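Given next, in structure tokens, is a single chain: the form predicted on its own.
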């Protein structure tokens, strides 16, 4: 079985890399980190003009009409430059929810705007710290209106609309969870920015007080829709993490070759060699698992659940490992703001919590392997 990308997909990768290296150097990421803007608006506009925001959106709705393999390629390149834009929230989640469960009217309304970058979407899921389960969803939906709080919501301060998980039936089981589309600039919605480890990807607390909501999908099917979208988003996020891990490894390698101590490059010392070798192994293993996930995603395989969890776990571990050891390789200077190492370390820890923590996905992987063995 060949998991390699096609020549056309490699060409897309090269185009994305050239564009992002030109438009999103580390200085652009620092500008968002240290400035007042919540994300890089010029880069976001450029991604829309290049078609990268609508890779899997059908052509009739303003997208490129390509497949998930192409989106995986773009995700990896965005991860390499730790792009300070709401790509994951809007493309991996909001777009996927509308494609999966939206009516024709909802698709016609939102997909063209998402593809062009004229609208930003997000998913409002958690209601506090800890793993999200049907039992933890307390936000109420009644009579077409939502009441409650979601926190933290990735890019919730800049999004134009949110897909919101809410309870539509009493009890604590998944049958009472439904999905809704809420325009966040309307009445009954207040937003407050919350501080996270990576300010280049903002988060918010969103309070709903009788906010108008439009159902997305059938009532009571929200949890099953969420699981399906999360499997797809997990593969895409894993590619973003692998891109970051590879770049952190490259930064460490290059510094080890140029930094001289005791009359020789530090890369010649055995301890540094071992550190770099371990980084390479973790990044390569993650890439292998991501390719498996991309195959399952692009073919609609029944193995997607298992492949998505495997990719998510290994990519999370690889990005955190490589970003941490990149700082170690740079030594004392790596801990300062003068070097870009901390930008990758911040992003690795933020992405480790997106879609659920590492332990959540490890549990999902174990459950799916156990179910497969029983079957």
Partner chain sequence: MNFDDTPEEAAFRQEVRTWIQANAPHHLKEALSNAGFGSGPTGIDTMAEAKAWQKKKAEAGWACLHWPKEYGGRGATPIERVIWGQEEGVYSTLGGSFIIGHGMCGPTVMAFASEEQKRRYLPPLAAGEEVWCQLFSEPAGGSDLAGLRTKAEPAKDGSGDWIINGQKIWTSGAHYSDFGILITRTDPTVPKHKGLTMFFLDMRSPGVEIRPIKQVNGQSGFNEVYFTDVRIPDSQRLGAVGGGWQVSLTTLMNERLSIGAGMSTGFPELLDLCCRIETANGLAVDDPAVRSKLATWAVRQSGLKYTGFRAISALSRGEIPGPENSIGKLVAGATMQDIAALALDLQAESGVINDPEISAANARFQAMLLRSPATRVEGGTDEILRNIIAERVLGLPADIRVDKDVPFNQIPTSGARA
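Residue numbers count along the first chain shown, from 1. Since the structure is predicted, the reported quantities are computational estimates derived from the model, not experimental observations.
This next part talks about the form predicted in complex with its partner chain, which is not shown.
Participant: Pick the stretch from 341 to 349, 314 to 322, 30 to 38, 48 to 56 whose residues have a heavy atom within 4.5 Å of its partner chain in the predicted bound form.
Facilitator: Contact-bearing stretch, as computed: 314 to 322.
Participant: Should the three residues 66, 147 and 183 be counted as contacting its partner chain in the predicted bound form, with contact defined as a heavy atom within 4.5 Å for each?
Facilitator: Per the other structure, none of 66, 147 and 183 touch its partner chain.
Participant: Using heavy atoms and a 4.5 Å limit, would one call residue 223 a contact residue for its partner chain in the predicted bound form?
Facilitator: Flag for residue 223 set to no.
Participant: Residue 178 versus its partner chain, in the predicted bound form: is there a non-hydrogen atom within 4.5 Å?
Facilitator: Result no; residue 178 lies far from its partner chain in the predicted bound form.
Participant: Look up in the predicted bound form whether residue 125 has a non-hydrogen atom within 4.5 angstroms of its partner chain, and give yes or no.
Facilitator: No, residue 125 is distant from the partner.
Participant: Do residue 288 and its partner chain share at least one heavy atom pair within 4.5 Å in the predicted bound form?
Facilitator: Result yes; residue 288 sits at the interface with its partner chain in the predicted bound form.
Participant: Scan 265, 171, 210, 130 and let me know which has any heavy atom within 4.5 Å of its partner chain in the predicted bound form.
Facilitator: By the 4.5 Å heavy-atom cutoff, the listed residue in contact is 265.
Participant: Looking at 219, 281, 260, 193 here, can you tell me which has any non-hydrogen atom within 4.5 angstroms of its partner chain in the predicted bound form?
Facilitator: Filtering the options by heavy-atom distance leaves 281.
Participant: Scan 124 to 159 and write down, in order along the chain, each residue with a heavy atom lying within 4.5 Å of its partner chain in the predicted bound form.
Facilitator: None of them.
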